[in-house]
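Next comes just one chain, in structure tokens: the form predicted on its own.
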Amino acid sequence: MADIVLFVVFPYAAVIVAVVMSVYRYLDQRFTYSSLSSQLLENGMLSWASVAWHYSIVVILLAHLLAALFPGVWAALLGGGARLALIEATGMGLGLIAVLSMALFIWRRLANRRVRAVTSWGDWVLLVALLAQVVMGFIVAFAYRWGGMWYLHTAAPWLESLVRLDPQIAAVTPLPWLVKLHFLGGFVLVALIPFTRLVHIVTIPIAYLWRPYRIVIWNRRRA
């Protein structure tokens, strides 16, 4: 019964909450539909953390998505032993970068008084959840080797069954508890989307391709 709640009920509930509340937030509080940047308060540490985080996590998420949507293509990509080792080493490297950059995000908000002043409880919850998720992902990759391959026979069939509205959890219930926590952590983040600054991932900034550059100029009164 517990496995059904965790791996069937909870994923569907998380997706429903994310969709419904994201639409509600867009209609009711459209101005908050962004990451609400604190760049003007502190930019040095933010630049290092933000660039490292986005490049590493985007590649990691794309790899997870590719394996789930196109398992045959992913299996062919991992066909050779050398390729499997290279992809695993790359994934672990990107995972470590994601962990360090997220830790830097948190340290920035703790160390900088001005940034800390504008940090909400939602920001702290999101930062801790993201840090926990990437740390678990890195430990899983390190402790349970060749995850790129066994992912195809565990998480991928489970996710596919959820999409088909025919949940099959037999592939994930025997897994180690840390792996299962990592899977569930992904849906925790999905549920947090409409309540945190993570909501900005559902907005595609197409307008950036053609809008003119914006220049921000400080306007200070002389003493």
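Position 1 is the first residue in the sequence shown; the rest follow in order. What you see is a predicted model; the values in this text were computed from it and never measured.
One more form of this protein, predicted together with a small molecule, exists but is not displayed; see below.
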| said: Is it true that 71, 79 and 153, all three, sit within 4.5 Å of the small molecule in the model of the complex, judged by heavy atoms? | reply: no
| query | Does residue 192 reach the small molecule in the model of the complex, with heavy atoms at most 4.5 Å apart? | reply | no
| task | Using the partner position in the model of the complex, report whether residue 186 sits within 4.5 Å of the small molecule, counting heavy atoms only. | result | yes
| task | Check whether residue 105 has any heavy atom within 4.5 Å of a heavy atom of the small molecule in the model of the complex, and answer yes or no. | result | no
| request: Check whether residue 112 has any heavy atom within 4.5 Å of a heavy atom of the small molecule in the model of the complex, and answer yes or no. | output: no
